[in-house]
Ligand code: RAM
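Consider the single chain below, provided in C-alpha cells and representing the form predicted on its own.
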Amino acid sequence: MKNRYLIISLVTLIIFSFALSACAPADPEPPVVEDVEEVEEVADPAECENYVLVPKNLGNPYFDTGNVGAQEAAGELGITVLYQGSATADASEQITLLNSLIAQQVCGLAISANDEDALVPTGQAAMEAGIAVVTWDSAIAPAGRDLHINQAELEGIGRVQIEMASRLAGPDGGEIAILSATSTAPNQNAWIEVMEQVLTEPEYANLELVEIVYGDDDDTKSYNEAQALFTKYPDLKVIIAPTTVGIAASARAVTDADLIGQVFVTGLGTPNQMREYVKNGSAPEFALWNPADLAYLSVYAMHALATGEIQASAGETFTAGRLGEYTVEDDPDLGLNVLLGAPFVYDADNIDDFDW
C-alpha cells in the first residue's frame, strides 16, 4: 500500500514539473533596449537660429542700411537676426549690451566695435560661451573675435580719400583737415594713419594736413567741428570725413555757411544722405562700399561659423548668397578676415543710380 502511494506521489511530482517547464520559456530573450547612441545620431540636432547685428550706435544711416542687408541674408538662411545697439557710439555701453547678449546665449554676434582693445575681453567671453563672433565695419582686435569682415583693403580706403581730396583742392593744392568719428574708433584711426602716409608721397606734396578733429559720430558735434575749422583756417580747401555722420554734417555746414566752391567735403558716405550735397557742389565726390552688402556678408560668415560650416582659420571657404564665394585670409595686422571688395567713388555722374 505504501509503495502504491509512493509511486502515485512520484508520478504527480513528475507531471507537475513538466507543467512548470511548459509555462516558462526555456531560453527567455533579453528585453529590447534602444541603442542610445544610434538614437542620438538619428535625432535632428537643435538648430541655432538667433543672431544679433550690433552697430556702433543706433540711428546712424550707415548702420541702418547695413541692417537691410543683414535682414536680407537672414531671410535667405531662415534665421533671426536682431538689430541691437546703444544710442551713442560708446564702448562701455556696447560692452554692457554684449554681456547681456552673451548671457542670453545667442548663436552669433556681428559687432562694429567702438573700441578695438576694450572689447577684447567681451569678445573672448562670447567665444568661450560657444558664440560665433565676427566684426564688421570696425574690428575688435584679433584676440577678441573669430573673423573680421573687412569692407575694403585698408590701404585702398585711406588712399582713395587723399586722391579725392587732391582732385577737389585742384592743381595748386592747399590746406585740408580730417573730421573723424571717435578718437578711439579703430577703423577711423587706421584709415587716418594710411592717409598721413600717402600725404608723404611726392604727388601730394602740395596738400597740407592742418588738423584732425573728432565729431564722435554725433551730427551736432560734427557740424560744430566743421564750422570751427572754417573759422580757424580761412584758407581751408577740403574736409575729409571718413564717417557717414561726419561727412553729411560737414557738407551741411559748408552749405549753410555759403562756402560752396570755396571749401569742399569728401570722405565716406551713403548715396541717399549725400545726394543733395553732391548735386549742390559742397561734396562733389565721396567713396564707400555698400554697407548693406557688408552686413549681408557678415551674417553669412557668422552663420557659417556658428553651424560649423567653416572654422576660424585661413583658407576656409563659404558661399555668401548673391555675393558668391569667399575665402578666409590671414593678414599680419588685421588677423583672420574676409574681404568684401574695393571702395567705390560716387559723383554727379552716378549718384542717381543708387538708392540706399
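Note that residue numbering begins at 1 and tracks the sequence as displayed. Quick caveat: nothing in here was measured; it's all calculated off a predicted structure.
The protein also exists as the form predicted together with alpha-L-rhamnopyranose (RAM); that form is not presented, and the subsequent description refers to it.
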**Request:** Considering only heavy atoms, tell me if residue 268 and alpha-L-rhamnopyranose (RAM) come within 4.5 Å of each other in the predicted complex.
**Result:** yes
**Item:** Interface membership of residue 243, alpha-L-rhamnopyranose (RAM) in the predicted complex, 4.5 Å heavy atom rule
**Value:** yes
**Asked** Do residue 288 and alpha-L-rhamnopyranose (RAM) come within 4.5 Å of each other in the predicted complex, heavy atoms counted?
**Response** yes
**Asked** Do residue 137 and alpha-L-rhamnopyranose (RAM) come within 4.5 Å of each other in the predicted complex, heavy atoms counted?
**Response** yes
**Prompt:** So which stretch, 288 to 296, 302 to 310, 326 to 334, 65 to 73, is the one near alpha-L-rhamnopyranose (RAM) in the predicted complex (non-hydrogen atoms, 4.5 Å)?
**Reply:** 288 to 296
**Item:** Heavy atom within 4.5 Å of alpha-L-rhamnopyranose (RAM) in the predicted complex - residue from 122, 94, 282, 151
**Value:** 151
**Prompt:** What residues, if any, in 190 to 227 have a non-hydrogen atom within 4.5 angstroms of alpha-L-rhamnopyranose (RAM) in the predicted complex?
**Reply:** 191, 217
